[in-house]
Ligand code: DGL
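Next up: just one chain, as structure tokens, the form predicted alone.
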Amino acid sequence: MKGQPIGIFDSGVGGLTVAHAIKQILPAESLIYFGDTAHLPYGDKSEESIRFYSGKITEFLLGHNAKVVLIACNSASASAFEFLKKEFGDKTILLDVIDPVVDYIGTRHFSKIGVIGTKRTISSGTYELKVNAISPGTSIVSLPTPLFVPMIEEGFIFDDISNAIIRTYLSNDSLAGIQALILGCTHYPIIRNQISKFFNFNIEVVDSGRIVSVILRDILEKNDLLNDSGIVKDQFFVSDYTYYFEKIARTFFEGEINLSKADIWN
């Protein structure tokens, strides 16, 4: 199993930020990535729909011999992780992007933190529940920022439109006085610099990419699953082709990528 790929999925390009971080930590590993671009964003979908999509994608990744499956999507992590563990926990190692970030926050002793994410992630209350359990002295405020994902997927970054949307959301009074901001969506690291700039680089902006990558490395080491074959092959699949997905993927992974469309719903 060592030479088999790491499976990663997200609703679109967001999980590429996690995939990129994994390649920085684990360059010898092969990746198989699925972006469910036909159904993005997951943030406005029902829990039942997200579970269905996540289950089908996990089956697809396992069908391509993924040795571990990483849910690189906060909405799916909040709505489908427990479901996936029940369905596939005896077949593969499953990892989400929320628990590692919560564990990290527990080591930092912040007095007040903010969380931004999709409507689904924020309404689930997952971050509040888990942060309160591990760090009861930390005040946590959550803010849905639903326009960020379609804004990023449409390529509106580093421009006046994105800056205006970012400013409108982050000016919310509830975020006053925060010491850290959790990017509760894997799309958001793409606009991390703009977010940091809004706060004058005075707070810690926490994204899951590197945190999850380190946890993943530890899991592979513990289970003797690190790839030592010397063969690395990355594959990228989408449920609906979009030019912007390919553009972002090429930016993160430099040059040609193996991108295919896969209709897994029939």
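Start at 1 and count along the sequence shown; that's the residue number. Computed from a prediction, not measured in an experiment: that's the story for all the values here.
Same protein, other form: the form predicted in complex with the named molecule, not shown, and the subject of what follows.
K.L.:
Select, from the options 173-181, 130-138, 115-123, 100-108, the stretch whose residues sit within 4.5 angstroms of the named molecule in the predicted complex by heavy atom distance.
P.N.:
It is 115-123 that comes within 4.5 Å of the partner.
K.L.:
Would you kindly say which of Leu61, Val212, Leu70, Leu40 lies with a heavy atom within 4.5 Å of the named molecule in the predicted complex?
P.N.:
Looking at the other structure, the residue within range turns out to be Leu40.
K.L.:
Please determine whether Ala80 contacts the named molecule in the predicted complex, using a 4.5 Å cut-off between heavy atoms.
P.N.:
Outside the cut-off, so no.
K.L.:
Since only the chain is shown here, I'm wondering whether Val149 would be in contact with the named molecule in the predicted complex (any heavy atom pair within 4.5 Å).
P.N.:
Val149: contacts the named molecule in the predicted complex.
K.L.:
Closer or farther: the CA pair Phe252/Gly117 in the predicted complex, versus this form, with a change of 3 Å or more?
P.N.:
The answer is closer, because the C-alphas of Phe252 and Gly117 approach each other in the predicted complex by 3 Å or more.
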